[in-house]
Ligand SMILES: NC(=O)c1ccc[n+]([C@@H]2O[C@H](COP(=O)([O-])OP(=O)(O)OC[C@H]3O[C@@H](n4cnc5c(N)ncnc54)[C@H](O)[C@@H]3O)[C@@H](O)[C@H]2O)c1
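Starting off, we have a lone chain in the form predicted alone, written out as structure tokens.
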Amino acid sequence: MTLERLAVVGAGSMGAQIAQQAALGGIDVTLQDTSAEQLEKAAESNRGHLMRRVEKGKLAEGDAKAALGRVRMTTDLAEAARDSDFVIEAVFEDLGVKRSIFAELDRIAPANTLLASNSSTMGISKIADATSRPELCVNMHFFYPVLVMDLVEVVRGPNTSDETVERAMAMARAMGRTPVLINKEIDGFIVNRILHAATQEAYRLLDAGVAGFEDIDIAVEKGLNWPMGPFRLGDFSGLDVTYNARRHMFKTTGDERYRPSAQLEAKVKAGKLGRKTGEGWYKYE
């Protein structure tokens, strides 16, 4: 199955890299964002990532320039979607915003265009009924940084068709990524559900004064062979992302196991969000 025309909605860190990874796979992409400034930042960031690969001898300069050239930028959603076979939404985790975007995509995209959401916390059933094509809607959860992380979780909604699942799996493979299929919607999907269980226990140990965050990180890195301990990983991903995911899981399930850590909440309210703000659990240059 050949899918030549892809649109990515949202040019933040996730959307920008999803678009660029697809372009590295030879796919023509239109990257859309309402902010022209954000599109410029996305283009600059992607160019930097690819040029660093060229400098290290991991990517030919001609291939890098070709991949950069396959990503077209626009602030017009209709321009991005009206000729697309496949759309991946990658905006921030706000259900109302996602439903609004899907409703608009349903109106402007061709009738057979597949609509995927990159959401890591919201099953597609919460979004698909904003469209007239729930059978063509699916979750495709990429992992940050997309240009490095190989996995894509493809999550079938209650109305997602088999053909849509096959198309989503095929798109992930065409992008050079490894898809796994989740046949039943569940909060947190696979990876985040397991990760949340492990990291939540780390936060409980911290809140109880059992050990400091640095020692917990060292124990996990050396004892479980994780590349990063839970607190260092939180800084890398963004503590606001971790906190919002915890809060969503807690509100959705009512399960006390998912209640955000008091110390995590304090970090977020203080604006200490990790690497992107220069300080989280650790301090950064």
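Computed from a predicted model, the values in this text were never measured in an experiment. Counting begins at 1, following the sequence as shown. So that the term is clear: the rigid core is the largest set of C-alpha atoms that superpose within 1.5 Å between two forms.
Another form exists, predicted in complex with this ligand; not displayed. Remarks below refer to it.
- Distance check, D33 to this ligand in the model of the complex, heavy atom within 4.5 Å: Yes, D33 is a contact residue.
- Does R167 reach this ligand in the model of the complex if we count a contact as any heavy atom within 4.5 Å? Although this ligand is absent here, R167 would stay clear of it in the model of the complex, with no heavy atoms inside 4.5 Å.
- Message: I'd like to know whether A202 contacts this ligand in the model of the complex, with contact meaning heavy atoms within 4.5 angstroms.
- Response: Contact check for A202: no, nothing within 4.5 Å of this ligand in the model of the complex.
- Is F86 one of the residues lying within 4.5 Å of this ligand in the model of the complex, judged by heavy atom distances? No, F86 stays farther than 4.5 Å from this ligand in the model of the complex.
- Message: Given a 4.5 Å cut-off on heavy atoms, tell me which of 211 to 219, 118 to 126, 193 to 201, 168 to 176 is the interface stretch with this ligand in the model of the complex.
- Response: Stretch 118 to 126 is the one.
- Item | Residue among M149, V97, V180, I108 with a heavy atom within 4.5 Å of this ligand in the model of the complex | Contact residue from the list: V97.
- Query: Heavy atom within 4.5 Å of this ligand in the model of the complex: which of E185, E93, D207, E163?
  - Reply: After the contact test, the surviving option is E93.
- Enumerate the residues of 8 to 33 that have a non-hydrogen atom within 4.5 Å of this ligand in the model of the complex, in sequence order, or give none. V9, G10, A11, G12, S13, M14, G15, Q32, D33 sit within 4.5 Å of the partner.
- Query: For V241, is the C-alpha shift between this form and the one not shown 2 Å or more after core superposition?
  - Reply: Yes, the C-alpha moves 2 Å or more.
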